[in-house]
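Below you will find one chain, with nothing else, as C-alpha cells; this is the form predicted on its own, and questions on how it binds or moves follow later.
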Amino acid sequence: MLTTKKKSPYTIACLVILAVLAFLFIFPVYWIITGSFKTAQEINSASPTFFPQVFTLDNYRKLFAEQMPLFQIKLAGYTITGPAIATSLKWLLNTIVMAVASMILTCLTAAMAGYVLAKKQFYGRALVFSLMVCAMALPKQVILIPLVQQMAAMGIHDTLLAVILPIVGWPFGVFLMKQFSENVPTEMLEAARIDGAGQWRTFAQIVFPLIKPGVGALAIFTFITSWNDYFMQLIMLISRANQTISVGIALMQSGPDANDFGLIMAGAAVAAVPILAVFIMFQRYFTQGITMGAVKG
C-alpha cells in the first residue's frame, strides 16, 4: 500500500510564498501580452479587464506597418539595398544579432580566460584576477566617455559592433568561468599533456565539456544583459536603421504614439519572445550551473 509523505508546515509555507512570487513575476508579462490584443478604449478604461473583451490585431498591424530596407551596402560608389521589412522587425533582428554575437563571443573569451586563470601558472596571475574582480564593481557610466571615443576612433560608432565589443570582456563572465574551471581535475590535464594533446585540444575536448553547465548559465546572463542594456544601445546607436527593439519602444513612448499603449505593449511582447526562447533552450544548463555553484567547495 502506497503512503504519501505529509508535507511539513514549513514546506507548505515555502510553496505558498514561491507561488505568490511566481504570480507577481508572471503577471506583468501576462498583462503586456493580453494588453497587446486589446482596443485603445478597453486599455484606457477605468475598470481594467484581465482578458480582451474585443480581440484585435490592430496593434500588431500598426507595429509592423512602417518599413525600411533590410540592409544597405555602399560599394564602389554604388548602394546595394536589400528587401523592405517592417521597421520593428529590423530593430528586433538588430537586437538578436547583437545579443547572440555578444553571448557567443563572451562565452568563448570568458571560458578561455577563466581556464587560464584557474589552471595556468604565470607571473602576475593574482594581480590580473584582482583587477578583474575590481572591474566588476566599476559601473559602465564611469568609462562611457572614453568608451565612446574609442569606438569612434575605431570607426564602428553607430554600428552593432559598438555595443557588442564592450561586453565581450565581461569581468563577471571571467570570474564565473574561473570558478568552474577550478573544478577540472588537474590529473586529467596532465594526462592529456602526456598523451600529446596541445593547449587548444585540451581546452576543446576536456575542459570545455566539463564547464559546459557554467557556460550555459553565462550564456543566459550575457544574452539577457546585452538585450536589456538600453543605456549603451541609446548612446552607441544613433541612426534609425541600427537601433534595437528597446530603443525603438522608447521612441514610441516619446513620439506621436506616446499614448498608444496597445502599440507599446505589442512592441514589448515581441521583444520578450527571444528572451523566453533563450531561457527555455538553456534552462537545463542554467539549473546545473546554479546547482554546481551552490555546492562548490
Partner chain sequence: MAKQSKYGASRALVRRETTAAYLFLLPSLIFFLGFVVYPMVTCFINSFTQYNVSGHTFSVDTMFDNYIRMFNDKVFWRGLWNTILIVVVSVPVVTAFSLWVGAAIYRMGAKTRSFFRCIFYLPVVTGTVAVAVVWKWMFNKYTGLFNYVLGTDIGWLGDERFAIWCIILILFTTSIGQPIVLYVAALGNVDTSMIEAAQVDGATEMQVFWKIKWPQIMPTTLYILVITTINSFQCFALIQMLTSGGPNNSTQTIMYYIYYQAIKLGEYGYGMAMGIILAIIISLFSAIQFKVAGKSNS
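So that the term is clear: the rigid core is the largest set of C-alpha atoms that superpose within 1.5 Å between two forms. The structure presented is a predicted model; accordingly, all values stated were derived computationally and were not measured. Residue numbers count along the first chain shown, from 1.
One more form of this protein, predicted together with the partner chain, exists but is not displayed; see below.
Exercise for the section: Could you tell me which of 193 to 201, 85 to 93, 210 to 218, 67 to 75 sits within 4.5 Å of the partner chain in the model of the complex, going by non-hydrogen atoms? Expected result: Careful reading of the contacts points to 193 to 201.
Handout entry: Sole residue of Ile206, Leu160, Val100, Ala118 within 4.5 Å of the partner chain in the model of the complex, by heavy atom
Key = None of the others qualify; the residue that does is Ala118.
Practice task
Answer with yes or no whether Phe50 is in contact with the partner chain in the model of the complex, where contact means some heavy atom within 4.5 Å.
Solution key: So Phe50 counts as contacting the partner chain.
Exercise for the section: Report whether the minimum heavy atom distance between Cys107 and the partner chain in the model of the complex is within 4.5 Å. Expected result: The answer is no: Cys107 has no heavy atom within 4.5 Å of the partner chain.
Exercise for the section: Check whether Met177 has any heavy atom within 4.5 Å of a heavy atom of the partner chain in the model of the complex, and answer yes or no. Expected result: Outside the cut-off, so no.
Handout entry: 4.5 Å heavy atom contact, Met188 and the partner chain in the model of the complex
Key = Output for Met188 is no: heavy atoms all beyond 4.5 Å of the partner chain.
Exercise for the section: Taking only heavy atoms into account, state which residues of 129 to 149 are within 4.5 Å of the partner chain in the model of the complex, ordered by sequence. Expected result: If the 4.5 Å heavy-atom criterion is applied to the partner chain in the model of the complex, 129 to 149 yields Leu131, Met132, Ala135, Ala137, Leu138, Pro139, Lys140, Gln141, Val142, Ile143, Ile145, Pro146, Leu147, Val148, Gln149.
Exercise for the section: Taking the rigid core as the superposition reference, indicate whether the CA of Gln67 shifts 2 angstroms or more between the shown form and the other one. Expected result: Comparing forms between the shown form and the other one, the Gln67 CA shifts below 2 Å.
Handout entry: Phe231: Cα shift of 2 Å or greater between the shown form and the other one (core-aligned)
Key = Comparing the forms between the shown form and the other one, which are aligned on their rigid core, Phe231 does not shift its C-alpha by 2 Å or more.
Practice task
Note yes or no: does the Cα of Ile43 move by 2 Å or more between the shown form and the other one after the core is superposed?
Solution key: The answer is yes; the displacement is at least 2 Å.
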